[in-house]
Ligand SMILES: Cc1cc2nc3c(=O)[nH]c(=O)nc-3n(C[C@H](O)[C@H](O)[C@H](O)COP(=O)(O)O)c2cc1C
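Shown here is one chain on its own, the form predicted on its own, set out as structure tokens.
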Amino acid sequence: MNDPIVPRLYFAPLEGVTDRFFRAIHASLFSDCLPDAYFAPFFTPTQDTPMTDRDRAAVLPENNPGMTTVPQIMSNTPGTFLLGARMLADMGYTEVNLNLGCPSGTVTSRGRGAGFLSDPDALDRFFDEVFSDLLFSPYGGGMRLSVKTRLGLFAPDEFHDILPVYNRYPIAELILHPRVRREMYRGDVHTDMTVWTAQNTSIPLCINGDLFTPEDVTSVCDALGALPHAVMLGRGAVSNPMLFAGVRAALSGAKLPPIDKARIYRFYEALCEDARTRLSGERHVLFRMKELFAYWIVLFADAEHHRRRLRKAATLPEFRAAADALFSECDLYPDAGFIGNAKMNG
């Protein structure tokens, strides 16, 4: 019997969270439930500095062992985008992702990320020049270009003018977060626009946005009436590092895998030790761990007291004592991370 066909699963790039250290530790501790690819948080090439030393370290293949990594570029000018893409090609990469989804005000005010969507004609010229370059020609370098996009800036129907631009070019994959920039990560996603997109493009489609549980993924697949080419999980996958295994099980009709609290604890310990080793000063380590626990706390039942204690911790020893108390005193929800209790706020 053939194995069930399941979409490709991707770990979304979360700036400041899913850095190369997080990715390496996740790949090491959860090797039985990896995504098909990790997307690295974006870097922004300039004419003078196509890639900083930090950017380079983030995507060097030797710094991303045991995983498939897709680098992401933030750019609105073909020249600088191509400079960054060529450096990635020299490292051996065969795919680069263009970020047209970041809603940050500091990004969009410069016409980058979701801000680039305000001018479909400029976007058209950008792709025309990029795909005219030998690097992205199938007869030249053969580099794949995927795009992560939102629906527009202010209204979902802006995408009616944006999708035809994408359709004119050999984009390898379209990763759709069905919100506009103004919505940031608030409110419901526009599933109707995901369905409309699937009906109006031949580009392989990856669904993204508010997919915290296997149930969320199957719900969107039901709305589409078919399995998409791929699924990208972000905040839900940080919260539950076994989420990819859960989604594969749900889509193939298998039993959901058990989630082990001791395994989550080892993940926490490894990330904390990594932060203590490479970050300067206890305060930076404390902020790093508080950010991660904001995701993990949703796995625990009756944890409000511990949530407040973690949030108020002023020193790293105080924080670690609160984390140990959480793990020792609170149980995980039944099927933690695989049902509705795992949904994140915001």
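One rule holds for the numbers: they count along the sequence shown, beginning at 1. Bear in mind the structure is a predicted one, so any value in this text is a computation, not a measurement.
The form predicted together with the named molecule is left out here; the points below concern that form.
Q) Can you check whether F212 is within 4.5 Å of the named molecule in the predicted bound form, heavy atom basis? A) Yes - in the predicted bound form, heavy atoms of F212 and the named molecule come within 4.5 Å of each other.
Q | A12, heavy atom within 4.5 angstroms of the named molecule in the predicted bound form | A | Although the named molecule is absent here, A12 would touch it in the predicted bound form, with heavy atoms inside 4.5 Å.
Q) Is F42 close to the named molecule in the predicted bound form, meaning a heavy atom pair under 4.5 Å apart or at it? A) Yes, F42 sits close enough to the named molecule in the predicted bound form that at least one of its heavy atoms falls within 4.5 Å.
Q) Can you check whether L233 is within 4.5 Å of the named molecule in the predicted bound form, heavy atom basis? A) Because a heavy atom of L233 falls inside 4.5 Å of the named molecule in the predicted bound form, the answer is yes.
Q. If you check Y169, F267, Y93, Y185 against the named molecule in the predicted bound form, which one has a heavy atom within 4.5 Å?
A. Partner contact (heavy atom, 4.5 Å) among the options: Y185.
Q: Scan N208, S146, S75, T197 and let me know which has any heavy atom within 4.5 Å of the named molecule in the predicted bound form.
A: So the residue touching the named molecule in the predicted bound form, by this definition, is N208.
Q: Spot the stretch among 34 to 42, 62 to 70, 308 to 316, 273 to 281 with residues whose non-hydrogen atoms come within 4.5 Å of the named molecule in the predicted bound form.
A: Going by heavy atoms within 4.5 Å, the stretch is 34 to 42.
Q) in the predicted bound form, do N99, H177 and Y295 all put a heavy atom within 4.5 Å of the named molecule? A) All of them do, each having a heavy atom within 4.5 Å of the partner.
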